[in-house]
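In structure tokens, the next block holds one chain alone, the form predicted on its own.
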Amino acid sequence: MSTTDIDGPDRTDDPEFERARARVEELAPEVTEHRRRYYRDDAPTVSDSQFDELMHELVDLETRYPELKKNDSPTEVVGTFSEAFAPVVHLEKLLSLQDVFSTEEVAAWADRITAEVPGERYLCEVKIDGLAVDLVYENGRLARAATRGDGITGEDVSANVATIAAVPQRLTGTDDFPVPALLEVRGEVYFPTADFTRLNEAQVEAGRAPFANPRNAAAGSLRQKDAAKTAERPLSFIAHGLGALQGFEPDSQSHSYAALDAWGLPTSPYWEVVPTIDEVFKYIERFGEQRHKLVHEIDGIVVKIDRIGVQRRLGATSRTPRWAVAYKFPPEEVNTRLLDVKVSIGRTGRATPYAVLDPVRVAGSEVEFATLHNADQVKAKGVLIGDIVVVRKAGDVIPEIVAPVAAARTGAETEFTMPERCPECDSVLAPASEGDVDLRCPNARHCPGQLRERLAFLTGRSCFDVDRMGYIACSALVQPLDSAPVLADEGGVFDLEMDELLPIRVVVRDPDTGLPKIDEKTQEQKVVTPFARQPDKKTGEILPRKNAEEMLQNLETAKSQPLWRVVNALSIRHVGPVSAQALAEHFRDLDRIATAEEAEIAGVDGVGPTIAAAIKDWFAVDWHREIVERWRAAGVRMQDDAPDPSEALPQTLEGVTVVITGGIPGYTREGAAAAVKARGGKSTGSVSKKTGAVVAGEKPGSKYDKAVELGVHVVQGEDFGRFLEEGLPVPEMQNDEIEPE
């Protein structure tokens, strides 16, 4: 079951709304999974532009249907953190910065500030393209280090940060700046540009995929489970802010930077305090010209009000401070040649055209591919294969073809035609339904492309979470070079044995495009034996790789994952982690889900008729049921145990419908809803006369207003713990105690 942030009309009988709701249910977990692969795992499986397409589609649907926006929507989340590291709650919340993309927007921001507090000075600094971290010093000694995470909770990376030479383990002090009792420092871990180039050369030399950019390299290096691996990477650090403090009260941002320097914490050598907005613009222009000459990559300029007192007066929204803004550099444009247009096949069979470009460096990174979304867009842009095209990275992130340079045409260019057959299995492509603009491969069971993507999905973090079973391994299992595929479908994934893995040879493919990678030395397709080491020189014996042995061990462990992960791993259309958890909680048995009436499935909170129909359709297919039976025979857990009554929490909220709005101290939205359910309550997203209580945290928004209007009991966010322990009534807040958004 999920909650929403905004109330809306009853659209139960609106088929367009039902389609939108089902698409949001599919998109949200997909975007979250891609975000986690990019930010947490540093191993994205789609291009930046493909991810942006998904995110923009989700934003568009949530804008058109606000009631579909869930509390845990990826459009509402600051970031993400890994379950591989212990969670750390920050002493003070890490806010994001408001992005602006023109000097006019910077001027408008400054006008709003000066209208309230005229004559303020601005501190300007470069925006480092790295990984945000939070350091806590107690009595001058580094106590812990954490990533930003979701702004409230991050990943404990203390051991890894301890290997970074630029981060002092113990602070020094001076007469002017004695070491404070408690100091929370915000900063950026980054990879120096020159070292990043050398790292990628080493990655390629070792047969490993290069990092996409310095930010990914920094994140991947910092998130190594073995801190010794982090120590091998030349990471650096720059501090750019303070959180919680005891024993020091700066009067300005520049004052705090002087203190940081005195304590031995590095700050940027490029920051400046300027008196006017015109000086801010000169700073932006200067570093826009020098951006590729600095020791690290930057993607913009941060402008802050210098005085701390004014910062406090201006305050912040739930996500961003009002006293700072991040100016993003305009996207860089370059010309390069469109070599070809290829088509990739996704997990659901969708055929997506993409551009193959003559490699070109854009906004600090090399671009070889750009999405073209569908055949209609290729035609709409008017590009031909062989064209010189204008390529841009919008916001320094998304590679896109803007337009062809028609004047440069020679007459040898050719028009792209969408293939009639799947490039992976040669099946005839067709729309999945009437009105669908996308072509799809119907060979769901045996298409290597679809199977490869489904395997990568089911072994991912939101499903069975099988470490060591990456994209190359999944590719090898479905499309080996010179033998029959080991897996005909995902049903056999838990029956894999080392003897059948060792002989496999496979062409290494780019995870974004599926194109074969070329060995730089031989200029031939790169071929590897992903599960076997090189034969022993003396005996000729073929030995397994350690990674392969660990993969099989992890597959064995994955059999005991809870039921909701099994349901999610089946790749049932429209079913994502949220609905999978709702189904598992309601039925507690996969057989019960498979045999339940469609109406009962639709009646589960967070499911509905579209998902229910998709579930019935999925289980109606013979080979789908065979997958379940093979997993069952292999020992995969198909049931969740009933809750132990002796371990149940007191049901203080039994029968109470609760709406949660705003930030609750110490809880994520999902965690707060789960806490209500654990106490017997029901967490919903809409306030009505039947609502038993509204829990109003920081910046509660319209739900608080509606609760007051309807006379619904309102509980303050800081009283949430008492509410869970005692149930109703908890003293109501006064209407003037919370400032609505």
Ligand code: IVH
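Quick note: we count residues from 1 along the sequence shown, nothing fancier. Keep in mind that what you see is a predicted model, and the values were worked out from it rather than measured.
The next section is about a form of this same protein that is not shown, the form predicted together with ligand IVH.
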Using a 4.5 Å cut on heavy atoms, which of H90, R307, R223, H240 is close to ligand IVH in the model of the complex? H240
Just one of R454, R291, K127, R440 has a heavy atom within 4.5 angstroms of ligand IVH in the model of the complex, so which one? K127
Consider S96 of the chain shown here, and say whether it contacts ligand IVH in the model of the complex, taking contact as heavy atoms within 4.5 Å. yes
Can you tell me whether A132 touches ligand IVH? I mean in the model of the complex, with a 4.5 angstroms heavy atom cut-off. yes
Does any part of V341 reach within 4.5 Å of ligand IVH in the model of the complex? Heavy atoms only, please. no
Can you check whether H574 is within 4.5 Å of ligand IVH in the model of the complex, heavy atom basis? no
Would all three of F494, I615 and R632 be in contact with ligand IVH in the model of the complex, where contact means some heavy atom lies within 4.5 Å? no
Counting any heavy atom within 4.5 Å as contact, can you tell me which stretch out of 527-535, 596-604, 380-388, 315-323 lines ligand IVH in the model of the complex? 315-323
Relative to ligand IVH in the model of the complex, which residues of 556-577 have a heavy atom no more than 4.5 Å away? none
